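Form predicted alone, single chain, as structure tokens, below.
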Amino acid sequence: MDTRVLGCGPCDIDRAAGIIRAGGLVAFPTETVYGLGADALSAEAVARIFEAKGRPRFDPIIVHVASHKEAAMLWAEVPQLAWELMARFWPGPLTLVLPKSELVPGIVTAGLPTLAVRMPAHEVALELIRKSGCPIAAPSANRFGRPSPTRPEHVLDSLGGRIEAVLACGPTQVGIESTVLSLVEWPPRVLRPGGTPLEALREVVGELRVDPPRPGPGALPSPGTFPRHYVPQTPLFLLEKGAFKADEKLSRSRCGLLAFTGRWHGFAQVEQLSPSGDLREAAANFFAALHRLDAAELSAIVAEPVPEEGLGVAIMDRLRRAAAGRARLDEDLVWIRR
């Protein structure tokens, strides 16, 4: 299959919407990352998402809508708090989880009785949903478990030849997936930190649970909650204060550094997330920088931590999952500083 590269104009969106209506797959931009879209009300179309991504069937998918009313039709009940959160944060990088309605096929929710829904803050995404005439199920447009795509070339590198089309509209703005908030328990529970900071949610919700449930048998509670996820092909090690010394013999001259603010010396390649220490800028640059390091044929990638506040919580969540199963490196190791 040849993957068509479309632009962002009205005719391109019309073509993409026609593919969605016919049961096909289209990668499209949102403010967070590129999503891989299919008709959320068609079990057959959604099944193709799992096939194209190599995604396990027990990992539920977020559904994207173009209005609050459309979201309400997909849930069995909508409490007042949900309306307040939609009014404050939609369109935007917040996904809400509530009991699903009978309209939604079970494959979308991996058999769970709840459905994750969000309204993206990207006019191309919203227009695609409107013109398709259906809500769009859309996980990130990449092979399962790999770093998320924030540029159309990331999509093509991962899914080229496996999907019908991509709406190539440049880099995404937020760069980190949405925050997923479950409203089926009290206090509301953050299933995945993301593009809406916890501090902002607390202004509306008050008390939050921020201890996502550990994956167990059966379906996952939310996308992006595998202990090992967002993993580049190049081994990634996370620098953390007080960590043990790694057994691996790593040479700086063969390693890349994913740095927050600094320009450390001696590494084969350095990617700075934000020279000024701006966490919004760091989030926007995160996955693109990781893709560049992963393509540089390095022996390893060393990642510097960021402050765990605001969007830094989501960045550190991705880094820890990407480095899961590998030794953590002490940030004061001599070989790093020399």
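Keep in mind it's a predicted model, so treat the numbers as computed, not measured. Note that residue numbering follows the sequence shown and begins at 1.
Unshown form predicted in complex with a small molecule; subsequent notes refer to it.
Chemist: Quick one: find which of 201-209, 260-268, 157-165, 106-114 has residues within 4.5 Å of the small molecule in the model of the complex by heavy atom distance.
Modeler: Of the stretches listed, the one contacting the partner is 106-114.
Chemist: Can you pick the one in Leu290, Ala38, Leu311, Ile62 that has a heavy atom within 4.5 Å of the small molecule in the model of the complex?
Modeler: Filtering the options by heavy-atom distance leaves Ile62.
Chemist: Can you pick the one in Leu239, Cys169, Leu191, Ile129 that has a heavy atom within 4.5 Å of the small molecule in the model of the complex?
Modeler: That would be Leu191.
Chemist: Going by a heavy atom distance of 4.5 Å, is Ser140 a contact of the small molecule in the model of the complex?
Modeler: Yes - in the model of the complex, heavy atoms of Ser140 and the small molecule come within 4.5 Å of each other.
Chemist: Looking at the partner-bound form in the model of the complex, is Val33 within 4.5 Å of the small molecule by any heavy atom?
Modeler: Within the cut-off, so yes.
Chemist: Might His68 be said to contact the small molecule in the model of the complex, defining contact as any heavy atom within 4.5 Å?
Modeler: So His68 does not count as contacting the small molecule.
Chemist: Looking in the model of the complex, any heavy atom of Arg280 within 4.5 Å of the small molecule?
Modeler: No, Arg280 stays farther than 4.5 Å from the small molecule in the model of the complex.
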